[in-house]
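Just the one chain here, laid out as structure tokens, in the form predicted alone.
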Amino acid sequence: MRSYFYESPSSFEELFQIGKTTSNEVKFLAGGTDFVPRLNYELNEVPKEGQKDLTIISLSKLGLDTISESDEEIKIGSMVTFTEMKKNNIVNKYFPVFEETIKELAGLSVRNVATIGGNIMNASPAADIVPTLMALDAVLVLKGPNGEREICSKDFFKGNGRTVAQEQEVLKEIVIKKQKGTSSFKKLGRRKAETLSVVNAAAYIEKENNICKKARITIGSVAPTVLRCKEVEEALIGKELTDETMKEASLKVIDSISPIDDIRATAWYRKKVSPVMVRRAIKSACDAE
């Protein structure tokens, strides 16, 4: 059985020094609502031959739990919990879609501990916060030994459980520009609460005289990563936002997705409901004030 070590650095310099000197496998710990249950499961498994020892590095002392505002954007630290986001006046003023999203995410006890950064870095194609972040064109800031770099959310995910982050890079914050349009998030699960998404979708719409000027449409749980639906966006821009236009545009999502059968739903069912969820998200965003 491998050994486990715990570190709680109070600065990035200390964190990167730990990563530089250890020969162990390293895992960063945010809220732990996904990682800790997996670790408990691992402790009950038969040890794997040749498995490295594990160093768990907590991010709790790095000052990543703040939300700030400037003239053009808001910054959300990666260690901000979903409950803190849901209650935050800055977030609610500029991006009420987050409250709509977070109330669909897990349950209260999980939201009190789970962080936005942990949810992002888990890189699940069924993550609920990611479609909303992508619809808002959020930028993710990574910090590593060689400095910081910014990655657009649509380019951040490489596959199920995989991101562009390098081995020692930490997600520092999420940056979202203030925007003129309105957004919405919709989720379909096997029950009404505390469930993973069968399909989820988010939409950002800018309109003038009911003509779509800008659109960002996203969908999750139907491919190895959450997707930007370019074909749907192109079918909306420049068109009057009628029910018929939204219905026709949403059907184009079928060509972009590659759903699978799993314990939550069949691929066939996901293909059937994906256009419906996309249309609902677009319609809700259009109706939002």
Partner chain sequence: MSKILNFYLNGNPVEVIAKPEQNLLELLRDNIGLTSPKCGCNRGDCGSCTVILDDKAVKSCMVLALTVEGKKVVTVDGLVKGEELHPIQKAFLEYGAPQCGFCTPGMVMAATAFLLENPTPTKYEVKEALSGNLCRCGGYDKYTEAVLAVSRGEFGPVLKGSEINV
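Only a predicted model underlies this, so the values are computations on that prediction, with no experimental measurement involved. Positions refer to the first chain, counted from 1.
We do not show the form predicted in complex with its partner chain, though everything after this point is about it.
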Among 142-150, 112-120, 168-176, 91-99, the stretch whose residues bring a heavy atom within 4.5 Å of its partner chain in the predicted bound form is 112-120
Answer key, its partner chain contact in the predicted bound form at 4.5 Å (heavy atoms) among L64, L241, I56, I257: the residue is I56
From L251, I237, A223, L29: within 4.5 Å of its partner chain in the predicted bound form by heavy atoms is L29
Worksheet item: Is the gap between K180 and its partner chain in the predicted bound form 4.5 Å or less for some heavy atom pair?
Response: no
Check your understanding: So, in the predicted bound form, is I211 in contact with its partner chain at a 4.5 angstroms heavy atom limit?
Key -> no
Within a 4.5 Å heavy atom cut-off, is D137 in contact with its partner chain in the predicted bound form?
no
Practice item. Considering only heavy atoms, tell me if V46 and its partner chain come within 4.5 Å of each other in the predicted bound form. Key: no
Restricting to 119-149, the residues within 4.5 Å of its partner chain in the predicted bound form through any heavy atom are none
